[in-house]
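Structure 1 and structure 2 below are two forms of the same protein chain, each written out on its own as structure tokens.
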Structure 1
């Protein structure tokens, strides 16, 4: 990877309760613009590590439903715009 784009997975603070320990993980995408201050950071949930009292571990992936819904809406908007452009009325076609 280059210096301007970084993707990494980070663990959060472990939480212990009722004999189990839960550790959240997040995936971070960092974009830094060369020669400029600042950049973009995008965090999204990745998974949870559950450690039982006897030491067994289970990784539970997190589905980011909000992200799926957003991409579905973006695709629907792009498809609607493309269909409108293809099937626009003849009076609008004559202007271009």
Structure 2
């Protein structure tokens, strides 16, 4: 990975409660501006690792529903417009 752009998964301190341990993980995108005069960090939750009392492990992903719905709407709009343009009647094709 280049030095100005890094994408990494980071694990946090485990949280123990009632015989289970929850370990959080994040996904971090770091962009360093040229000359190291600043940058951008995009940090978001990725998943949690749940470890039971008997040692069984389960990974539960953390989904950003708001973002999924946003991008689905944008993609649907773009796809609909593209399909409408591709399959427009011949009379409209002659005009455009």
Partner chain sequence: MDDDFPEDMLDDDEDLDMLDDDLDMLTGDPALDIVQNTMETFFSAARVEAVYGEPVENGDHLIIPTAEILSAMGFGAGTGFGTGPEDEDGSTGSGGGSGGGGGGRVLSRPVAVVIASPEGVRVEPVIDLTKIALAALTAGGFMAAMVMGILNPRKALRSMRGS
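Each form is matched to the other, and the largest set of C-alpha atoms that superpose within 1.5 Å is called the rigid core. Note that this is a predicted model, so its numbers are computed, not measured. Numbering follows the first chain given and starts at 1.
Asker: Have a look at both and say which one is the form predicted alone.
Answerer: It is the first structure (the form predicted alone) rather than the second.
Asker: Decide, with the chain treated as two rigid parts between structures 1 and 2, if residue 13 and residue 52 are on the same side of the split.
Answerer: When each C-alpha is assigned to the better-fitting superposition, residue 13 and residue 52 land in the same part.
Asker: Determine the rotation of the smaller rigid body against the larger one between structures 1 and 2 and give it in °.
Answerer: Interdomain rotation between structures 1 and 2, rounded to whole degrees: 42 degrees.
Asker: What's the distance in angstrom the Cα of residue 83 travels between structures 1 and 2, core superposed?
Answerer: A shift of 14.1 Å at the C-alpha.
Asker: Quick one: CA shift at residue 71 between structures 1 and 2, core fit, Å?
Answerer: Displacement of the alpha carbon, after core fit: 4.0 Å.
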